[in-house]
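Take a look at this single chain, the form predicted on its own, given in C-alpha cells.
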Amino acid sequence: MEIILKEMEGSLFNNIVVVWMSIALMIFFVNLKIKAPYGRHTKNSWGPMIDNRLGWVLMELPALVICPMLYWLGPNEKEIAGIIIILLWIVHYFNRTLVFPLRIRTRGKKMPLVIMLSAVFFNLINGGICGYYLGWISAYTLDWIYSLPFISGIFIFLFGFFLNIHSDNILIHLRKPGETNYKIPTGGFFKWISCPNLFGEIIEWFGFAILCWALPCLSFFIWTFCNLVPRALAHHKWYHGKFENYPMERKAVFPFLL
C-alpha cells in the first residue's frame, strides 16, 4: 500500500510539474515582447522601486533556503548523490544571493518592487518543486554517482558555473569605482556572444537537469531558458542601439547560432 501511495503521489506531482513547465513556455513568448524592467532596462513606470542590491538578495534568497530545507526535511535517505546535487544548488544560490549582489557596482540604482516580488514567487515555486522531489520522491542510490548522466551533468554544470562567474567578473570590472556609464565588454566568451553570463547559467541548469535526470529539474532548466534567452536578446538589441561600433559578428546568447 505504501508503494502504491508513493506512486500516486509521484504521478500527481509530475502532472503539476508538467503544468508548470507549460506556463514557462507561455511566459517565453511574453518575455520576447516585454522586457523585464530591471538592470539596463529599468523603468520607473512599473511602480514602487527598491534598492537594486537589496532586491537581488531578497529575490534569490527563497531558492537558497527552500530547496535545501525541503531536501533535508524529506524522508528520503540522504545518499551521496542527493547530497552532491543539493550542494551544487547551494553553491550556485549562495553566489547569486550573497556574493554577486555585494560585488556589483550599482550604488544608487533601483529595480521595481514588482520585479523583485515576481522573482520571489518564481524561486519559491521552482525551489519548492526541486526540493520536494529531492527530499520526498527521488531514489538515488550510490551507483548513480558512477552513471553517465551524473558525471557528464556535473562537468556541464561546473563549466556553466565558471563561465557565469568569469563573465560576471568581466562585466563588474568594466567600470572603475564611481563610474556609471556602460561600456562594450570584451574577453572570454564576449568574443562570440553578448551575454555569456546568461549563457553560462543556461548551461548550468542544463547540466543540473542531466545529472538529476528528473522532470522537476528539467522543468527548472526550461524556466531558466524561457527567462534568460529573451533577456539575452533584449541585451543584444540594446548593445546595438547603444554603441555604433558594437561587434557585428557577435550573437546574443548561443555562439554562432542566436
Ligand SMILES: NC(=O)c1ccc[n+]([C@@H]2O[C@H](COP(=O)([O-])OP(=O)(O)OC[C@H]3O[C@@H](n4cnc5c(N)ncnc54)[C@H](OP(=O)(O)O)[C@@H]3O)[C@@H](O)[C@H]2O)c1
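Residue numbers here begin at 1 and follow the sequence given. What you are looking at is a predicted structure, and each value in this text was computed from that prediction instead of being measured.
Here the subject shifts to the form predicted in complex with this ligand, a form of this protein not shown in this document.
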Test of understanding: in the predicted complex, would Y182 fall inside 4.5 Å of this ligand by heavy atoms? yes
Taking any heavy atom pair closer than or equal to 4.5 Å as contact, tell me whether Y38 reaches this ligand in the predicted complex. yes
My question is simply whether S138 lines the interface with this ligand in the predicted complex - judged by any non-hydrogen atom within 4.5 Å. no
Check E79 for me: does it contact this ligand in the predicted complex (non-hydrogen atoms, 4.5 angstroms)? no
Tell me which of 79 to 87, 128 to 136, 145 to 153, 93 to 101 has residues with heavy atoms within 4.5 angstroms of this ligand in the predicted complex? 93 to 101
